[in-house]
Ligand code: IVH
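First, one chain by itself: the form predicted on its own, in structure tokens.
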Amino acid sequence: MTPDLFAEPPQPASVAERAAELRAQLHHHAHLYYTLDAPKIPDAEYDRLFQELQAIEAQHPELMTPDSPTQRVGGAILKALAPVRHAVPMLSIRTETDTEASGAAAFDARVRRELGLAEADPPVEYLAELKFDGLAMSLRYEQGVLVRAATRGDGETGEDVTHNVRTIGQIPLRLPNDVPEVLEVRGEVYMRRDQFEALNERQREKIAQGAKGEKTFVNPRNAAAGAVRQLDSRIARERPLSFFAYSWGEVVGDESPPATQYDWLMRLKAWGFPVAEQTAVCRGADELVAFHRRIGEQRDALPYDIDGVVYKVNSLDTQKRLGFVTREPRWAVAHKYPAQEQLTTVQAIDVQVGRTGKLTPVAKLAPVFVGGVTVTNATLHNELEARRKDVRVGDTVIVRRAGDVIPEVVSVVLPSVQPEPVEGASREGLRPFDKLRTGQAQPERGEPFTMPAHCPVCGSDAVREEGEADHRCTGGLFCAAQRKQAILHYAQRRAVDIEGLGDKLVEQLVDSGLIKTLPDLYKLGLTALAGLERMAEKSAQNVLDALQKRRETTLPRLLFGLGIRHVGEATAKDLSRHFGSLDRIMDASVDELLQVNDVGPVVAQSIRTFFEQEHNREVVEQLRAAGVHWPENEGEHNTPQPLLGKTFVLTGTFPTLKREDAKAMLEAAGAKVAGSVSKKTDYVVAGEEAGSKLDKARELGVAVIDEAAMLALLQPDA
């Protein structure tokens, strides 16, 4: 019999035993979630266990332990980051200046020379791993419990950042019982690219809303380093960080130490630390070269930044034989790839219009090779960001490209500014822009960037709503840049629902010039459609039949299909019920629009702005002229709404009505149709094979009715 994972656990003999049991469960499931990416319980169940442990510790503070999962969340403001002296120095390794695959062969040749190996001797075995672009971190465990986390610092002394590292879900707070008495694990704290982009987008929104002291981050490493060094761990917890283990420092009480670098990593992995799956054992120069090329090809597809790979002699005894030179190990090397940040100049700033109308300033650059490709354009995101960074024509700028992320200008380098070297880097390891001479001639700077008042494509007003970071073109139905998106939105199932009008066909129709605006859809002929590539006559006829079928639609579907910003399906239905006709909506003032249920100032102004554009009104008239029609009425002020203010939930199969039809009838009568049952639900309409919603209604005492009773309630005198 399969065990019930969500059954109530047996009651432990004491509260202390229950707390220990909860800690063990939470550690186990955190490891499955963060490290193995294989969760076994839902988030809600994890939260329930977590909250139970929190409650026990609140009532019994003496039961709280340093490795408790509840201690991942800090909050106290520290006066400063305390210095930590590393028991074993965190030394840097030599960087191979040859970024081609031949650099791997050069390293192998040096190692063989130092070991006195002849050409006929067997190949040297190496561990090859990724060189993460993050922040080096030392994790000290005593008796299996994390007691301290420290940055590399100068290699001898780092900073105590334990309060922030506890917030990183991938880092275990307690280790299995078979670990050494003292274990210092070393690795890299980093931020995934997608999480970095999401963080910067949130930061840009905060800046747009007037938040003080907020900024965007230059790159994921910068963001990760800033998060780790926060004094308030609540801030660190809001910035998603990850961790990879790759080495160790001080170890005390290890009864059977591994003989190779690879075995050590597998040991760390078994103890719960994430280790990069690309890590491999390579024999000789040829396999190192192949590894460098393979990872170089995969680099853009990785979810995090790397700036190279690292080779280490695998045998620990051989490492001891090779030793160190000027505090750098002879047995290891970092083999870089082309930089993901480079220096270039801004030749112009253009404005591009996206498929949804977003206006984006784009810096036109002197060509520069960065991140493996030649870059000539880089985004400035929006006017606020461009002005905050003060990017102008003629400026020398840092450009960043990593993976599939769109290249962006991250900062301006003025002649009077020399950025500090990267932490832990030698002079040879500085980036090109670190070497910029303050005395070199600079082009004259242009004027600060200002977003144009009108769309550069169609001339419609460009507006930025209050609290928004982006400017948008208001000519959605008219603007050539938005033409494809406008047609796809209009034709989608939840709007006018034109079957067969998908992405590929819309691309062909617009690119061939057959369609320039929505009404052109209804002027298509069989010959023109069938003449498109890969469009058979039967398929073309099916599209024309679908267009003919949807000449009759509904006011909410049409209104939603027009693509007015902030007007979704629910708002389109509310507007239709309130005003009853499209003409009344088109002519409504902001104050009149604010009388509609759930329509606030932003939505009202968006609707008003849309219909103030003469070309948008013209599209509506052309749709009418093309034979598109929709039933209209006098609006809710003259139409009975017997169920106004009532909330319904539908479940099961009804005798005569489809679920969508029942929903439409209820909404027309003023009711709200929700997807789940709660205490606020007035009625649950249940048909055959009603499921858990019916059980929930009975549990909460919500009235349950059938289709006939629902139809009776729809009558005005019910």
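In this text the structure is predicted, and so the values were computed from the model without any measurement. Heads up: residue numbers just count along the shown sequence, starting at 1.
If you look for the form predicted in complex with 2-(butylsulfanyl)adenosine (IVH), you will not find it shown, but the lines that follow are about it.
Relative to 2-(butylsulfanyl)adenosine (IVH) in the predicted complex, residues 18, 68 and 145 are all farther than 4.5 Å at every heavy atom. Scanning 267, 401, 565, 131 against 2-(butylsulfanyl)adenosine (IVH) in the predicted complex with a 4.5 Å heavy atom cut-off leaves one residue, 131. None of 414, 87, 93, 406 but one reaches within 4.5 angstroms of 2-(butylsulfanyl)adenosine (IVH) in the predicted complex through a heavy atom, and that residue is 93. In the predicted complex, 2-(butylsulfanyl)adenosine (IVH) lies within 4.5 Å of some heavy atom of residue 331.
Taking the partner from elsewhere, residue 490 is found to have every heavy atom lying beyond 4.5 Å of 2-(butylsulfanyl)adenosine (IVH) in the predicted complex. Shown alone here, residue 136 lies within 4.5 Å of 2-(butylsulfanyl)adenosine (IVH) in the predicted complex, counting heavy atoms only. Residue contact check for residue 310: one or more of its heavy atoms lie within 4.5 Å of 2-(butylsulfanyl)adenosine (IVH) in the predicted complex. In summary, the region of this chain contacting 2-(butylsulfanyl)adenosine (IVH) in the predicted complex, judged by heavy atoms within 4.5 Å and restricted to 192-200, 323-331, 234-242, 337-345, corresponds to 323-331. Taking 2-(butylsulfanyl)adenosine (IVH) as it sits in the predicted complex, the stretch 224-254 comes within 4.5 angstroms of it through a non-hydrogen atom at just one residue, 246.
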